[in-house]
Structure formats: structure tokens, C-alpha cells
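This document starts with one chain, in the form predicted alone, laid out as C-alpha cells.
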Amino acid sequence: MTSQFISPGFKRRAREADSAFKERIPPGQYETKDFPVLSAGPTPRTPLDQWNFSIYGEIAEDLKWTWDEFLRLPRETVTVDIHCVTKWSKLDTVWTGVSVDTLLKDLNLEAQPGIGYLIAFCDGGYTTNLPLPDVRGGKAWIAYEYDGKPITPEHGGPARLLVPHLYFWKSAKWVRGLKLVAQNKAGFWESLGYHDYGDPWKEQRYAGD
């Protein structure tokens, strides 16, 4: 009698949980428990005493931090789902780093409405382009820890851009700075045929999607 009473409720909760889980997986994606490593070239390994992070471009004054200075900035830990253009999704990933909002807060960008985009640039020559609104309002971070540990070089350490609401190629590995610009310019993968924006919920994998 007891098992018959519990079983229907358990199955109902399981179905509800399964439905909520599926709602977190964009179309065409599958969940993985692994963290695949995908890179277009050799893995850069910049010594931390030579690492710095810059913000420059069409702004009045450039900004730059050493690694030690960067670590002293206010940090945030976020739990987010990530979605790779190669169709895997990884749920509940935990990252720690500096919000892009924190990095941009002293630039008074509201007084410079002509700046609409940024180009993230990285060790190894990789770049990616993003509309400025997509890295503001708690949407993006420069992360230096994954799951409570320093990000390994294979996964983009010592620091990578994290923009979880877009396909993961937009979360550029080995990031070294942000160039703020008025005009959009395709980054590395975008110039090779990937979608300019990359919304996983709209399956914007390639140009024309």
C-alpha cells in the first residue's frame, strides 16, 4: 500500500523535473557532463607576471590592470548553463570573476551613445565581436575560476570572457582585453562563416541561420 501511494507522486515530480530540465536545453543541443576542449590552434600559456587586461578603443581614456590588480577587483560567483555551437550544453557551471559591468562602470558610456560594440581580443590572435548591451546588465564576466579552481589553459585560463546567453565561442578564451567601438566588425569565427550574434535559442550557428 505504501509503495502504491508514493509511486504516483514520485513519477509526477520526476516528469515535472524532466520537463524543467528540457526547457534549459536549446533546440538541437544535448546535455554533457564532460567539458569538451575545442580550440582553433595551440593553447597559449601566458605567465601571470606578464598578463594584463586592457579596455581601449573609442573612449577618452584607456584602462589597464595587471593580474594582481585584476584579482583585487570585486568578484562574483555565478552558476550558469553554457551551450556550444557544436551542440553540447553543460548545465549549472560555476564561474568566478569580474563582471564586465564593474570594468566599464567608470567610463560613463551613457554619455557616449555612439559606442555600440566591443571586440574581445585574446592571446593567440583570437577575437570575437559583441553588441555592448550583451555584456552589460549582469550578462557577462571575465572569469578566472571554474568550479572553485583556476581556469586551466585548455579551457581559456588564466582568464576567459563568459557570455552564457550566447553560443560559447562568444565566451572567448585567453581574453586580454576589450576594444570599444562604434561600428560592428566580425571576429575570428564570425569572419569564417559563424553567425554574427549566436543566440542558441534561435540556433544561430552559421551566417544565414
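The first residue of the sequence shown is number 1, and the count goes up from there. From a predicted model like this one, the values you see are computed outputs, not experimental measurements.
There is another form of this protein, the form predicted together with a small molecule, and it is not shown here; the text below is about that form.
- Note on contacts: among 78, 91, 84, 107, the single residue with a heavy atom within 4.5 Å of the small molecule in the predicted bound form is 84.
- Put simply, of 58, 154, 31, 145 only one has a heavy atom within 4.5 Å of the small molecule in the predicted bound form, and it is 154.
- By the 4.5 Å heavy atom rule, the three marked residues 70, 73 and 96 all fail to count as contacting the small molecule in the predicted bound form.
- The stretch from 171-179, 61-69, 48-56, 136-144 that comes within 4.5 Å of the small molecule in the predicted bound form, counting heavy atoms only, is 171-179.
- When the small molecule is considered in the predicted bound form, residue 126 lines it closely, a heavy atom lying within 4.5 Å.
- In the predicted bound form, no heavy atom of residue 103 sits within 4.5 Å of the small molecule.
- Put simply, residue 119 is far from the small molecule in the predicted bound form: not one heavy atom of it is within 4.5 Å.
- Using a 4.5 Å cutoff between non-hydrogen atoms, residue 36 counts as a contact of the small molecule in the predicted bound form.
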